[in-house]
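To begin, one chain is listed below as structure tokens, in the form predicted alone.
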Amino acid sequence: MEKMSRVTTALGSNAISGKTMFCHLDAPANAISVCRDATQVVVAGRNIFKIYALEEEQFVEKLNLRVGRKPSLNFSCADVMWHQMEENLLATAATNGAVVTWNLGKPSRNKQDQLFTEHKRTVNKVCFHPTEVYMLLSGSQDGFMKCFDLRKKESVSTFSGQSESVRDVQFSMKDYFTFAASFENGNVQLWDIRRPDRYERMFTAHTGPVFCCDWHPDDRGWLATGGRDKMVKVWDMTTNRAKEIYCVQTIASVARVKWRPERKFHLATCSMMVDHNIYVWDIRRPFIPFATFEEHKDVTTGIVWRHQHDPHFLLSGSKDSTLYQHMFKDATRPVDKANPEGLCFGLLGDLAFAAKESLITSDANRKPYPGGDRRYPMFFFKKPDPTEQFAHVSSALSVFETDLDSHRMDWFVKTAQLYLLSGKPFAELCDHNAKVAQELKRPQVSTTWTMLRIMFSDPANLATPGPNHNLGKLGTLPLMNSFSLKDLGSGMGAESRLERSKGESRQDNIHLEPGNSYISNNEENEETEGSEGHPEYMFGDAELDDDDLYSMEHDNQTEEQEYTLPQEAFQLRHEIVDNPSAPEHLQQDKADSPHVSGNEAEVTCLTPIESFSLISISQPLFSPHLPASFFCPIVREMLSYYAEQGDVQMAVSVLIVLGDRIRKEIDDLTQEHWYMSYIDLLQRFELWNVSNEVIKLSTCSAITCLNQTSTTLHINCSNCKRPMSNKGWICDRCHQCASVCAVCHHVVKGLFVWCQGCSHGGHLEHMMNWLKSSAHCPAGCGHLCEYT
């Protein structure tokens, strides 16, 4: 207490002064720490370990602790801490697993004091006891925490967190024997240094790794934690169960958190990636930062308040190789630039709109809404608190409700549940989804699925041979125009038909290769062999010339006299005088081919069907076998249309079903945006299984990792309470089955739910029914279990 009072007195007589300033470092910094009198700061990193003096105008380098021709890995620091009781004592956490102490009072150039190499992996954090000079705590990637007495050459106690790795350890400012540890599995543990065999309390703080924690300097029971879930949470540890009392949502993973001195509700945070800024939050107003420091150009790796009783100076180190001193009065205040209006859509289409009271009341020309005037729907007034430094603005909230019958989202839920996205051939998936859309009265979506099947299916699978198999003996024709004579208007004269036929039949350069084109017939014109009806005549320059036509007619007059062709058809054909004959190589092939005879051609051409069809052959505009890539631009525009209309369900479903056929045509950011929007909607409707399937079928790396994080569960045996290390349900210590239902006492074969406090559990339905009528554990252990 004597030393502490001396620091406070010095601060009172010689107030800290300075300005916002920075200096360039030799290498990126991993951590920084300040000495007790706030005059020097140590910067540590993989390739830097220096001490700088804090002067009024600039940083001045005082000491370089990396000495020697070839510095060892002991100088490669992941963390550093300056002792707040002993001004010459430093400790570093090395990336090779070593814990090193440094004595600045040594006369030699090498200031290394002691070296502890008990950890097997990287040491993430070191922490001195706030009042004990010789007590040092470390947390490592190997999952162990070790307490060192600096008067001895080895650790005095080892704490096993039974987890993957320890990310942070912090001694309590008020409880002499207590320290907190945060882990990569999302848990936070409280330990008593006198009991290294078992933690005193454990609770799940975040849904991912907990990267940092910090005890409140004034309030005894407040512990702040930050994790990869982008949240900062404040826990009240004075109750029987850790109680979350505040939560701040940030925009990136939280790497460091530090309470602001002399301000009970303020804390500073920095991010592990993406965001380079430092934020100071008022936890009572968690939606917008109280102040922001935006000087760094890369990720901030270390933050520390310059003095434990001065809230106006903040020091920071970054991967951009700079060291900054921030003056709080120079910070940016986001609330000054914040938009005073708010807009949000509800799950079923309701719209909430908040704005300043002055904006709402000044709008005197607004017409009343049906059912009543809603210009002043709801006002929220808060009693002013003189301790808060907030700008008080009265807001009005308007809620516009939609007609449930006209804006129901049942189709969305049913579509998500019934759509098939994988597991069957492409054509079957499209047909099934088209049928689902049709049943839900969404014809446009149904037609889209059908068109996708036609566009991207293999033509060989789509072509169904007609009943008259003699068609194949004619060779293949590029079918361009087909129309029925009965559809022609009676007013169309022969001349106009002749001119159109000339235009369609004119060709300058024709390349007809057998096997590259085919005849497609409408399903309605297909008849079985022997069916009665009018004969169909197919005319094509590649098969028959005029002589063949005449011979065909005369040869068949005796057999089929009842079929008489309209005279008009023959006139139209004979008046075409400028048609070139078929290419010579095709004529030669026709003459030499043993498979095509005149009689076969006659039978084929005169097969009776329902109506006449005149087929004119001209130069094909496109290849009959269009590649799938030909349709990609159209499909891309179609997906963008659905997404812009708000139907991300259709966009994502088509994206998954088409797969590699379309994925390369759409940039990754757009795909990720569609996936995230659809997954968010599914989760809001509590369609968890569909959401997980969409995540699993996605090929975006940012999406597939959503269900790969925080999937490890650490459980204790319900009999001996020891952590279960093996993969089965048989405890390797007491050799008892841990999955026995505490209600029916049978082995659970299916969904198993257990209490993280007492480790007892059982069948899901049994536990739910039990906890409806009783709050105590059904196993009789006396624990107050809670099912949420």
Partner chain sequence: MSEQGVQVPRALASGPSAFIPAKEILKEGPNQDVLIESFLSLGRVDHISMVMAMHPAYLCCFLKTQHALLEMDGPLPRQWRHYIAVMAAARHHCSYLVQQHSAGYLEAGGEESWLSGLEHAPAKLRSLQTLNKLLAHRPWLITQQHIQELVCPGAEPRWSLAELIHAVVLMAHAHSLCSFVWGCGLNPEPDHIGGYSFQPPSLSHSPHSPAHSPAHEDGRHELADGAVEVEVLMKRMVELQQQQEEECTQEEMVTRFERERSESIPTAVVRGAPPDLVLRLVEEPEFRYEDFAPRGEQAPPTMRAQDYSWEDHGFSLLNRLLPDMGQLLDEKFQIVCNLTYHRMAMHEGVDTHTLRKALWNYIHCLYGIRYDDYDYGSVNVLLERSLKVFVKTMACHPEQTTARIYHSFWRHFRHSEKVHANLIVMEARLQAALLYILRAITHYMR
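In this text, all values refer to a predicted model and were calculated from it rather than measured experimentally. Positions refer to the first chain, counted from 1.
There is another form of the same protein, the form predicted together with its partner chain; it is not shown, and what comes next is about it.
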Non-hydrogen atoms within 4.5 angstroms of its partner chain in the predicted bound form: do Asn96, Lys120 and Ile251 all have one?
-> yes
Does any heavy atom of Arg167 come within 4.5 Å of a heavy atom of its partner chain in the predicted bound form?
-> yes
Answer yes if any heavy atom of Phe211 is within 4.5 Å of a heavy atom of its partner chain in the predicted bound form; otherwise answer no.
-> yes
Can you check whether Leu669 is within 4.5 Å of its partner chain in the predicted bound form, heavy atom basis?
-> no
Contact between Met272 and its partner chain in the predicted bound form at 4.5 Å, heavy atoms?
-> yes
Location of its partner chain contact in the predicted bound form, chosen stretch of 426-434, 673-681, 80-88, 121-129 [non-hydrogen atom, 4.5 Å] | 121-129
Go through Asn277, Ser640, Ser72, Thr699 and name the one with a heavy atom inside 4.5 Å of its partner chain in the predicted bound form.
-> Ser72
Among Arg228, Lys233, Arg260, Arg661, just one has a heavy atom within 4.5 Å of its partner chain in the predicted bound form, namely Arg228
Of the residues spanning 276-310, the ones with some heavy atom within 4.5 Å of its partner chain in the predicted bound form are His276, Lys297, Asp298
